[in-house]
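One chain comes next, on its own, written as structure tokens: the form predicted alone.
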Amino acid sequence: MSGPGNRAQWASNLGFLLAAAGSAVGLGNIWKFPGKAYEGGGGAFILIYIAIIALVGATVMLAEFIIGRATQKNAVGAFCQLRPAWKWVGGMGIFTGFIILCYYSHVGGWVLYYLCGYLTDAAAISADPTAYFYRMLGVGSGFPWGGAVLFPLLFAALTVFVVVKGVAGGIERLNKVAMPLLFLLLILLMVRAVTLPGAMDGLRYMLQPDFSLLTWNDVLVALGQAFFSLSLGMGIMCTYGSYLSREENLGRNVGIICTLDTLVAVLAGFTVIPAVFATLSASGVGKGAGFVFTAMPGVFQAMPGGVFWAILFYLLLFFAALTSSISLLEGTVAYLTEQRGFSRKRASLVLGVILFGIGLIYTLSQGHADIHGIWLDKNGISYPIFGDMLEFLTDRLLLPLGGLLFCIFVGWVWGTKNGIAEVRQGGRFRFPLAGLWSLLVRFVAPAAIACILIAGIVFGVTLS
């Protein structure tokens, strides 16, 4: 389906909702949120997280949708049309999203590696999950052809293939299948987790908020998790919003997307934490790649029918990673096709090659690969600096800065009156929270995002 000027549009509002939710629902919802919720007092962290999603996350998301739908352009083109002096903000967002995609797609390849591993040789993973993980990265076992090349290449190729097919024919069609499957898999895993002997302790921990365990740092972590989880600050939601017709209710759509994203995170918490309580111990709850690839295999090993549930879990992760990767690539492809005259196919293929190359260096920097410039030698100890540099640049600096600038632009430069008018569409849609949204986008959201920047850069707090 095409819009004005033969520009692509979503074939249906459902397709848009699932695609935007697919962008927001990523690996962070499943492998980071449960650990952060556990450390922040379980239910206490969840309540704070939901409040932040409602007040900050939804506010910034609506601001991005407004800019995109009002201009019907990608992030750079949108700012060029509204205020040309601000076009660099859109460019920074696109750059940020693409750099994240470079290493995110390789982590997606790791997920594929484990999924195939459980399908073909589950015993090798169960025998020593930690050794299996480091072997994938090439630690002490030569060049990691599978973990660094074959599976990340396959994952990148799948991402490129879907984006080449277009907005309605590729991205929307994939998400209409992937997102329902993701929810189904997550619900199945949650039911299995909470019915394990001993899982009730973990379930009770999640359902009974313990605010005595909640610190100011946990509030900042919840703020960072909410912000990064929703794919904000990269212009992705601006680009996705630009494919929307003016027949759609932006305010309602934001509410649905934020609800779906939060639901996945909470369900993941109710899956992972009870399972770990039942099979390992409370101290086994962690977060990040190390937890998912080294600790979770131990959980599945201790479960009846563990291989089957492991396959479902890594399939769930695969869908989460793929839908997010597609949105990250689409933001850059939209810029190249609309601003630089590339064909969709050419833009996707060129970017695919670049992102795979940068991601290859990222993967090698996680293992003991002897490549100049990746490792920093100090007192005989090697430190991976390339991967840390990418994550610091994007997670702690560019992402929150992009979100902050979107808020400043809509709240103070372009103006909330224009934003509210775009939502209401001449009275076609009600926007009863217009006054509150104006207050949030001008004052509350910028202040909260500034806290993320200060905490991440000045104090080195890991929020994402």
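Note that the structure is a prediction, hence the values are computed from the model and not measured. Position 1 is the first residue in the sequence shown; the rest follow in order.
Just so you know, the form predicted together with phenylalanine (PHE) exists too; it's not on screen, but the next bit is about it.
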{"property": "Partner contact for Leu440 in the model of the complex: phenylalanine (PHE), 4.5 angstroms, heavy atom", "result": "no"}
{"property": "Any non-hydrogen atom of Tyr118 within 4.5 angstroms of phenylalanine (PHE) in the model of the complex", "result": "no"}
{"property": "Contact label in the model of the complex: Tyr134 to phenylalanine (PHE), heavy atom within 4.5 Å", "result": "no"}
{"property": "is_contact(Ser324, phenylalanine (PHE)) in the model of the complex, heavy atom dist at most 4.5 Å", "result": "yes"}
{"property": "Location of phenylalanine (PHE) contact in the model of the complex, chosen stretch of 222-230, 346-354, 386-394, 301-309 [non-hydrogen atom, 4.5 Å]", "result": "222-230"}
{"property": "The unique member of Val163, Ala148, Leu328, Val276 whose heavy atoms fall within 4.5 Å of phenylalanine (PHE) in the model of the complex", "result": "Leu328"}
{"property": "Phenylalanine (PHE): the contacting residue among Gly40, Gly26, Gly419, Gly403 in the model of the complex [heavy atom, 4.5 Å]", "result": "Gly26"}
